[in-house]
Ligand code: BEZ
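Single chain ahead, written as structure tokens, the form predicted on its own.
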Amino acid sequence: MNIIAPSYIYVDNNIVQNQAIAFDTTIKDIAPLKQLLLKFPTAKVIQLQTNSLVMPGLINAHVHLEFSANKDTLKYGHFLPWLYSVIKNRDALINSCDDVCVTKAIDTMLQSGTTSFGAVSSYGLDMQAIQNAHQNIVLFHEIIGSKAQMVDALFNDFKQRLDASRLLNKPNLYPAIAIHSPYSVHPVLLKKVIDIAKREKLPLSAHFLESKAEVDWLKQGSGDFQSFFNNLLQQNHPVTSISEFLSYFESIPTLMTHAVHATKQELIQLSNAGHTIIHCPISNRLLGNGALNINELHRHNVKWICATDGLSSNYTLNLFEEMKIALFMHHDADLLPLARKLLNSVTILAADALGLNSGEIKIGKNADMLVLDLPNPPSDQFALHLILHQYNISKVFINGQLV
């Protein structure tokens, strides 16, 4: 048993003083230090400096680690040129990102306060580094392939990767399933993997309406994707429609990544089905996909959280930087409420979306905590100041262990 007695605790968007936290792997109690010492007389007390603050560890719900070697290889500005550059450089980028490369990306997230993340794995090449990571990890095995004749082979490869992850010696690793996108997964393949997610109650994710090119292809079979599918895959029509794609997910709440170009009707469908949108503002900007209209999400009661995406479409995996960009991207939103919403989106709301027992400082929750060293006592605008200034993180606890 440990007891940590900070100057302040960040709880439910509020600053709490004169309270300490008793924990082992989970938070056992929150009370004044003297009271906890009477209740847990043999507990180790962790000393902290003046103006220390404890907050929940951050949760990055969507990151691609296998492309972490990218810095200046891929083309930014518009979605299709970026996609063509990914296809052209895919093998080189993947081959140049070994376990050391992936581990560096994971450690970078840890240093900036990410104690849990959702890794979208396309090939399973990141599993060894993931096994050795300190963080809690939801490992989304991605399925992709729109050709009917490839369904069985792709499904067998997917199953092998999913089964291999179950054998990893890591207690805080949770297998999950990712659908690449509506335009890139054949409906037969889609149904097969969603059936597994339903049967085994696995978290489910999908890229959804990220670009205008995707919308034009799915709705009219035209636009920038037309030559892409005609030339590369010899396909002259989409394998599914938006409404058909959404119908497969009606009974299983799913993390829908991006959704920048979702219409009012599609947002209503997402809301009614209990889906959550993963908002990746830097990725959306770099790939020229526009900005997610969070006011529309609020209007239609659509849940949303914030994540970084991968280094194939970002320059950082730091969630504080991602939230800062979101603050300025959504310039018409009231600043302080948006800051608080963003912090919730990478803590309690992200935990709920991923099915993790974390994301808040609360009795019974996993002891995933950050200790921040503040230069001054926090004000009522702490959430905003935290995102803007990213205070020093002096300690990180994951499942009660100092890492």
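The structure presented is a predicted model; accordingly, all values stated were derived computationally and were not measured. When you see a residue number, it is the position in the sequence shown, counting from 1.
The same protein also has a form predicted together with the ligand, omitted here; what follows describes it.
Stretch-level contact analysis of 306-314, 276-284, 192-200, 138-146 against the ligand in the model of the complex, using heavy atoms and a 4.5 Å limit, identifies 138-146. Checking 268, 94, 83, 297 for any heavy atom within 4.5 Å of the ligand in the model of the complex turns up a single hit: 83. Note on contacts: among 233, 188, 164, 100, the single residue with a heavy atom within 4.5 Å of the ligand in the model of the complex is 233. Contact check for residue 174: every heavy atom lies farther than 4.5 Å from the ligand in the model of the complex. Residue contact with the ligand in the model of the complex: residue 183 places a heavy atom within 4.5 Å of it. Interface membership of residue 229, defined by any non-hydrogen atom within 4.5 Å of the ligand in the model of the complex, is confirmed.
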